[in-house]
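Take a look at the structure tokens below, where one protein chain is shown in two forms, each on its own, as structure 1 and structure 2.
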Structure 1
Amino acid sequence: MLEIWVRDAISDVLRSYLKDIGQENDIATLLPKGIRLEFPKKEGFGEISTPLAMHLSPLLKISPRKIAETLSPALASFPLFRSVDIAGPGYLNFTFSEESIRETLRKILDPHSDLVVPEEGKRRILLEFVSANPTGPLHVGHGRGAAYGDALSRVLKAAGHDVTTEYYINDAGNQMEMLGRSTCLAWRKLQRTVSESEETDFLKGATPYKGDYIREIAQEMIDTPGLLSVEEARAALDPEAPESSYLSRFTEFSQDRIMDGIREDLRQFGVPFDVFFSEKVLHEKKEGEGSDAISRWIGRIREASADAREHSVPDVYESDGALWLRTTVLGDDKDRVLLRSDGRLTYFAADIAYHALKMERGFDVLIDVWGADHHGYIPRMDAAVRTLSRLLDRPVEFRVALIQLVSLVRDGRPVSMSTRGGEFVTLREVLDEVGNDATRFSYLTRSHESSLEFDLNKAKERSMDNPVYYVQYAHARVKSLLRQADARGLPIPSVWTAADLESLGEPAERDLVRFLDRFSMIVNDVSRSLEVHPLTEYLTDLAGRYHHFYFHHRILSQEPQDRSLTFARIALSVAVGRVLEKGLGLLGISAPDVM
């Protein structure tokens, strides 16, 4: 709020200044990135500053110092500021008035305030994340994507956007057939001996999915009467029987069981989705239409390709019997095949159709959260979305967040994470051992673009060395303080007034209020940058500041003459608790009252 008030004050004064000097351009034209504010790291340079004069100087052909000297007196007249000083070549350094500090705190304490000032320009956003193949359970890497995507969706909503979360189920193609073959092979092995040659022939030279989960699904198929008909079971045991008579049952049952497990893991992790989108939809022919969605969209791109070159949009062309999209015109390292020479559509073609359907649903922004190994896929999909935007005559912003790898550590040693042979650590195992809150916080402590070392021992510690415990304990400390106040007969008002806060004035109190005020700015910065970890860092910093304040300042004084200060510091503590609870909630983490 303080930052908003500062920008408003500067804007008012700047508009008058530009008018006085006959400048025809408005603020938005001169400063397309807005008025920049900074937080000085050293004392003596105000509580907030702006390099505005330096930014305007080359545009107005006036020295920055002269601009600052003209703006400073007008800004100093605002009740918001106690002083406005000029430093260096033209920095404007602001120190807030006591009244503005108290008003800021009162707004944070307002029970009707949600603590986040929404961004201007509400947008419809489709956020697709996790989207793990239904060929195995979620592992710890998927968990990081789930924590990131869910926290980002909460932040985007808090910033005022209309957000839909979606999970794309890759339930078509060769991988699903191999899942069915893997389960069927395990099913056979549980009932009879399978020779090496029979296994090789059945798998057609491909590597099967392995692991306990495959054997468990196969065992369930054996233990569930009627799941396979007598004819299907007999055929499944006979290497000479046609696969079409039984294999699809193994594929469907395996996928359903794995997706049930994925949905349950996500539910346990507190990650809801608005939509689960099946890839099969893209391959189905709708009634009244002669082709599936993929063929229709590739056909539309092909038809519109004639004038694409005139607008620097990828066009479609044929070469070596295949159909290609010329993605190199938009920075891809090579053009991409849409339709193979044998008539089979590529996965890229399916992804184009999927994103076309996203755009048809009316979203302004498409955010895809992918694994780090998909880095090379970004240019081609960016080219595809631009092609579709032109085709649909509606610009859509396309953004991708890449989730880097997670390594687990226990007792100072790495935990094996090999997926070879089906050996990997599942998300559910980590949640059972560590718990939701610690798992989420650990995932969100670093940028999603950086690799992460997840220390299982530290995550389980109930000590101040555990980051999530450190933050949650600050909230619990506030709640404990309120219980103590109630026990002493100190009534906590439901609505705080400016008079309740007049006793605040120490530098530590001002600093804490100003830091609380940054919360809305942090949330909006996360919304724009798609980087969630600054919010985690902010909450950790806030918790540390409150712990320090708690130990160095008496809050619940027994002295009658200190009653007004006691109430004011209780109010400050309540504000800290509100911000911690809101911030933890945006991360999908609980804010316990007792620890």
Structure 2
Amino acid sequence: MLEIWVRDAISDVLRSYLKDIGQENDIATLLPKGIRLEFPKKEGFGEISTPLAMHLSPLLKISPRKIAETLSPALASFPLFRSVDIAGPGYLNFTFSEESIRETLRKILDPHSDLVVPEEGKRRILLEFVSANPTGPLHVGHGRGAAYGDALSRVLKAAGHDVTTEYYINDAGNQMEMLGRSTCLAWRKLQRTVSESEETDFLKGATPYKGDYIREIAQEMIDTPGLLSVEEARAALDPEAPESSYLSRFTEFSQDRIMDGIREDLRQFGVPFDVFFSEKVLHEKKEGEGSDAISRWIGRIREASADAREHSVPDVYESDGALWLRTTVLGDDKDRVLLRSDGRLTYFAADIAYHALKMERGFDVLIDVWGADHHGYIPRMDAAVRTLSRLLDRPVEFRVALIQLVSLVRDGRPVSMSTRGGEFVTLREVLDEVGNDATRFSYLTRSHESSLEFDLNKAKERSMDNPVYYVQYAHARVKSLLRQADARGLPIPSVWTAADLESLGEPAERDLVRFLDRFSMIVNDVSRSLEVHPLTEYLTDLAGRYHHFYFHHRILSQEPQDRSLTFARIALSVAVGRVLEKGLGLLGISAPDVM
């Protein structure tokens, strides 16, 4: 709130200043990036400051010092401030009044306030994340996407948006058949020996999915009577029998089992999804050839092709017997095939239909969370969405968050991982070993755009190496303090008055209040930038500040003359507890009362 109040005060004063000096342009024109506010780390530069005068100086052809000198008296007259100082080349450094600080704390304590100021312009957002292929259990890389996407969805909701979370199941295409063959092969091997040549023939030279989970699924198929008819079982054992007579059984069963496992992993991790969207749906032909969603959307784009060209949006053309989308007009490296020369649709075509449906469902922001190895896919998808946007005459914001790699470290050594080889560490294993809260926190301490080193030993440690406990401890500490206050017969009001906060005022207390006040801004920044880690960092910082304060200040005093101060400090602690709880909640991490 303080930040907003300061901004308003400056705008107010600046507006009349510009008028006085005969400046035609308004603030928005002069300062397209807005009025910059800073939170000086060092003492002596005020509690909040702005380099505004330096920014205006070249535009107004007036020295920054002079601008600052004109603005500062007007600003100083606001009850918001205790003082406004000019420093250095022309910084305006503000110090808040006691009333401002108390009012800020009162707002944080207000049980009816949300702690986060909603953003202007509520938007309908579809947030798609994880979307791992159902060919194996979730591994630690997926876990990062899950933790990130879930936290982001909570933040976006807190910022006032209407968010739907979605998991796209890539359950169509030849990788699914490969999965079926992999299970079938394991199934055969459980019943008889399989020669190398038979294996190679069967797999058509490709590498199968391996790993215990494939064998377990195969075993389950053997153990469950009735899954395969006698004919199907006989055919599946016979290398000469046509694949079509049995393979789909293996494919479907494997996929269902794996998807069940993924859902269970996500449930255990505390990552709910509003929608699981199956790619298969896009391929369904309810009314004969060409009636599937993909064909229909490709058809529509094709029809609008001439119009597209006029508007510099990709058009569709035929070449080498295939159908292409001219994505290069929007910056892609090369044009992309929609319909292959053999008549089969590409994955890209399916993705276009999928995103078209997202738009048709009424979302105005589409956020896709992808693994960093898909970054080459962004230009074509972006081109596709813009094509669809033009086609549907609907403005849509499309954003992709790329999640960089996670490398696991155990005992100081990297743990090697490869999905196909079945040699990977699953999310489940990490959760069982490290626990939910520590796992999520570890994932969210770094920018998603940086590769992450996940140290299993450190994630389990209960030290500052693993700040989740540091933050949770601060929360538990507040709760413990309140229990102690209660035991001593100190009533804790549900609504705090300005009088309760009367004794608040020493720098350490002011600093805490001002820091608490920044919470909303941090959350709003996350919502805009899609960078979640500043919130994690903020909470660690806040916890540290509270621990520091706690260590150096007696909060519950027995002396009668300290009663007012005791109340003020309890209020401050309650506020810290509220913000920690809210912040941890946004990250999907628990805020325990006792540890």
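Throughout, residue numbering runs from 1 along the sequence of structure 1. Note that the rigid core is defined as the largest set of C-alphas that superpose within 1.5 Å between two forms. Quantities reported herein were computed from a predicted structural model and do not represent experimental measurements.
- Looking at both structures, it is structure 2 that matches the form predicted together with the RNA.
- Superposition of the core reveals a Cα shift of less than 2 Å for residue 436 between structure 1 and structure 2.
- Superposed on the core, the two forms barely differ at residue 493: its CA moves less than 2 Å between structure 1 and structure 2.
- When the larger part is held fixed by a C-alpha superposition, the smaller rigid part turns by 10° between structure 1 and structure 2.
- Core superposition gives residue 34 a CA displacement of 3.6 Å between structure 1 and structure 2.
- Taking the core as reference, the C-alpha deviation of residue 62 between structure 1 and structure 2 is 5.8 Å.
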